[in-house]
Structures are given as C-alpha cells and as structure tokens.
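Next comes just one chain, in structure tokens: the form predicted on its own.
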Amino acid sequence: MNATDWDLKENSVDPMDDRKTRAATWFESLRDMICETFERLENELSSGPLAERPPGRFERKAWRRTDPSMPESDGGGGVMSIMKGRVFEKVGVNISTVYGRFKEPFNKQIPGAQENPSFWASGISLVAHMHNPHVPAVHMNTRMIVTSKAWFGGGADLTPALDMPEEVAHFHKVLKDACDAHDPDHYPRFSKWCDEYFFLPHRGEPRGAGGIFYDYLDSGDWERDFSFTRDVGRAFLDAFVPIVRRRMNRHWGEEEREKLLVKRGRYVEFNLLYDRGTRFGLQTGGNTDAILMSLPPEARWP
C-alpha cells in the first residue's frame, strides 16, 4: 500500500455514518417546520369558546439515555416539543437518536439484530389531540433504524371523532399523491398495512380513518427510500393543516365533546396494548414521558 492509498483509507468516511447524519438532521428540520406551522394555526383561531385564550407555544425539553445493556454508557437522547394551546389541546413533536444493544429476547424481534444486537435509531414522532371535536386527531412518524440491516419506516393516520368523509378523502389523496410519485404500488400496500395495523382486535374496530403505514423499507436504493420518507413528512403537513384551518372555528358542544373523549379512550387502548413504537421505546430504555406523549390529556370510558 503506497502513501496515497493509506491517506485515502484513513480519511474515508463510512457511508452509513453519513446517512445516519443526514437522516437525523432531516428529522430535526421536519420537527422545526411542523412546530412553526402549528404555532401559526394557534395564532389564526378567531372564534369559539377558546378564542380568547393566548395562542399556545411549544416548550422543548431535552433528555439523555443510558443504554440499559451497558450501564453508565451513552445511549443517545432526544428532544420533546409539547404544546398545549387553544387549537391543540395537546400536541407532541418529538425527535430522538438512540443507540446501544438490544436486550434478549427483544433482539429476536428486530431484523438484523439476532446475531449482533447493536442498533442505531433516529426518528420523529407526532401526535396531536385537538380541543374542537370537528378537527380530527392525527399521528405521524418517520424513522430510520440500523442493525446489520438498515431501513425506514413510518406513516401518518387520521382519527376523527365525528363523521367527516370529505376530510378523510382529502387526507388520503394527499398521501396517495406522495406515494404515487415514488411507486404506484406504495399507496395500496401501505394504506392496507395501516388499516390492518391500527386495529383494535378486542373491540373489533379500527382506531381511526386510516392513512399509510410502512416498515422495513429497504429497496436496495437508500437515496430513493430516504427521498420517499422525506416526502411523507412534507405530505403530512399538506394533508392535515388544511383540515385544521377549515374546521377549527366551528361551534361545538357537550355532545360532540363526549364523542371526542370516548374516541380518545380507544386511542389510549391501542397505544398501550398494541403499538410497536411504545414497546420499542420501553424495551430500549427510552424516555418514558416521550414514549407516552401520545396519550391524550383527557379521555373517557362510559
């Protein structure tokens, strides 16, 4: 090996390290974009019982993680961004980048972690619960996970408490357009996956009105998969924000509020009993408050 070859080897950058940095940076920028947009919605409320309140603002709280498999070792961390306002009763937009080793037997459930339990994971997770029952709750997350394999996952789904077929159709159309720009097979596959995943077996009913859900996305072209995941994040704003603007000033009463709280009870049941993200966070020693951010401030089981 000559001196030039040695210098190239010493200064080479692992392509996966660059990809990790780019993904984590994107999730942070998407967080900032969403928080700014949601705060603008808080400013725009003009009528209703809460219009006299001051607009809400996000409060951020950083947290650090110790890897449970290696006491005292750095395991990454994240930032919680929580807002309780007059449009959003509670919305969390959290980002995290964590790493370490999966504990047994959880590693056997993760692709590529059976032989080597080391992992790296970065992502954004959002759940919004609204004051006005005429505005649906919404969930969005996208993530990148690396073991001996590397893949993307995520999606977005809508949970209305009242009947609003035109808004559900809008939400699905925007997501379909984003999917179709990459692969015409994405939307039918990921929409069906969402319906099957966000289902309450013990109730025999869906959690909400669907959307898209995907996981283990590794086409062999990382740039293509990353581009799709970025477009899912951008499409989320186009799908959800117009719905909020159209409906947040509508009048609502106790009957609609009761339906909202009961629907939230179903949301709680799913997230505590079935949600894989909740299990992943708890099994990897994540921040409990960030993991349970998805729970609403108030729910009801009549």
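Start at 1 and count along the sequence shown; that's the residue number. From a predicted model like this one, the values you see are computed outputs, not experimental measurements.
There is another form of the same protein, the form predicted together with another copy of the chain; it is not shown, and what comes next is about it.
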| item | value |
| --- | --- |
| Option from 49-57, 272-280, 248-256, 235-243 whose residues, in the predicted complex, bring a heavy atom within 4.5 Å of another copy of the chain | 272-280 |
| Another copy of the chain contact in the predicted complex: His134, any heavy atom under 4.5 Å | no |
| Residue contact check: Lys90 to another copy of the chain in the predicted complex, 4.5 Å heavy atom | yes |
| Non-hydrogen atom contact Lys84 with another copy of the chain in the predicted complex at 4.5 angstroms | yes |
| Partner proximity in the predicted complex: Val268 to another copy of the chain, non-hydrogen atom cutoff 4.5 Å | yes |
| Any residue of 267-302 that, in the predicted complex, places a heavy atom within 4.5 Å of another copy of the chain | Val268, Glu269, Leu272, Leu273, Arg279, Leu282, Thr288, Asp289, Leu292, Leu295, Pro296, Pro297, Glu298, Ala299, Arg300, Trp301, Pro302 |
